[in-house]
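Take a look at this single chain, the form predicted alone, given in structure tokens.
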Amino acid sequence: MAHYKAVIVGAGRMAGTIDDECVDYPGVALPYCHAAGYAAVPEVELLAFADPLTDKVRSLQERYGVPRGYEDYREMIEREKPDIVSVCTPATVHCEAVLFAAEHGARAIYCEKALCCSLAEADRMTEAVESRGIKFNTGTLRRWAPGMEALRGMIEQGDLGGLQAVITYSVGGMLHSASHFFDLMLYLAGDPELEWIQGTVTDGDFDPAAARWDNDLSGIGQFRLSNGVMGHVLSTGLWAEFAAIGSEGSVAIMNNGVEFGLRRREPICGGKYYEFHPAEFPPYERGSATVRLISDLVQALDTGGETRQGIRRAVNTAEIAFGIIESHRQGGARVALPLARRDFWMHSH
């Protein structure tokens, strides 16, 4: 029986229609969008959508049997008094929407990525959420994907030996697309603290003297984590592919998590040399990462515990993005994380 009330701010693709694009896509286990995810979690009742585009609101109301729609999300939150607020607007609105939800009684927030457009905004969001004990997750969904969870379990059990590196082979916009990738890298590494980053912006027209940028920049680089693991940010044609490399084995994550290629280090020539030989990745049951994320929020509300991610881990994905930019601004220097400079603003969808 539902015992938490939810509302959705924004009536776009992630709010309720992106599932139509993913029906035949093996890289996504449905349901994927917020509304369909809530419909699959019996503890939650979705009460309303809000968006200035009222035709979209009405369409989603009809599709999901949601009783009410609003033009203004502020009015919706004030009237509905929800336990859970989903923020599915463009990232340029995330900070103000999260702050309003936090200040008007939300107990849990599911915010789409990118988290926000500057580290100053991230700091304001963090203070608003943590000072009120609000449960928080962002839509960097690979953290809740069963295959990624199985891989993290292998790493924690030492099946790859000591983890040495995590790699993303693609970037895209560092806030919109790479927030997914950076969060997965941090999750597989065990969510340690960030120590330093060194990188280069690959957009040829970037002006390092600018105080803001109206496009989501891309970049390459490397960062070090407090447990000694290195993160390598590459820009290649291997879109949404990753690797976790340990002293005794490695796993290649291929085709957006559809395939996992495990190799184990084995001695040859009487132990004089070593090779990495293919092995079977452990079986796991596919399931919706969206449903698992929402269920994580519900469990945190039920128990008073923490979510799998929380806002500080979400902020770390932005630290990596803005860290690459700051390193580029300093001529490719290694810069300490968290960044001292928090005011640089970058647009993201």
Ligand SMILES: NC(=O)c1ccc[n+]([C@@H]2O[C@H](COP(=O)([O-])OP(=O)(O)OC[C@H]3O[C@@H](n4cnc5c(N)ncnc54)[C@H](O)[C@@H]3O)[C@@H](O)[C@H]2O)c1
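Residues carry their position along the shown sequence, with the first being 1. Since the model is a prediction, treat every value here as computed from it, not as a measurement.
Missing here is the form predicted together with the named molecule; even so, the following discussion is about that form.
Taking non-hydrogen atoms only, residue 347 never approaches the named molecule to within 4.5 angstroms in the predicted bound form. In the predicted bound form, the named molecule sits within 4.5 Å of a heavy atom of residue 12. For residue 114, a non-hydrogen atom is located within 4.5 Å of the named molecule in the predicted bound form, even though that partner is not displayed. Mapping the unseen interface onto this chain, residue 339 falls outside it, with no heavy atom inside 4.5 Å of the named molecule in the predicted bound form. Considering the named molecule in the predicted bound form, the lone stretch of 48-56, 307-315, 35-43, 278-286 in range is 48-56 [heavy atom distance within 4.5 Å]. Residues 91, 176 and 180 are all found to lie within 4.5 Å of the named molecule in the predicted bound form, as judged by heavy atom distances.
The listed set 141, 163, 134, 225 contains one residue whose heavy atoms approach the named molecule in the predicted bound form to within 4.5 Å, identified as 141.
This chain lacks the partner; the member of 260, 169, 73, 187 within 4.5 angstroms of the named molecule in the predicted bound form by a non-hydrogen atom is 73.
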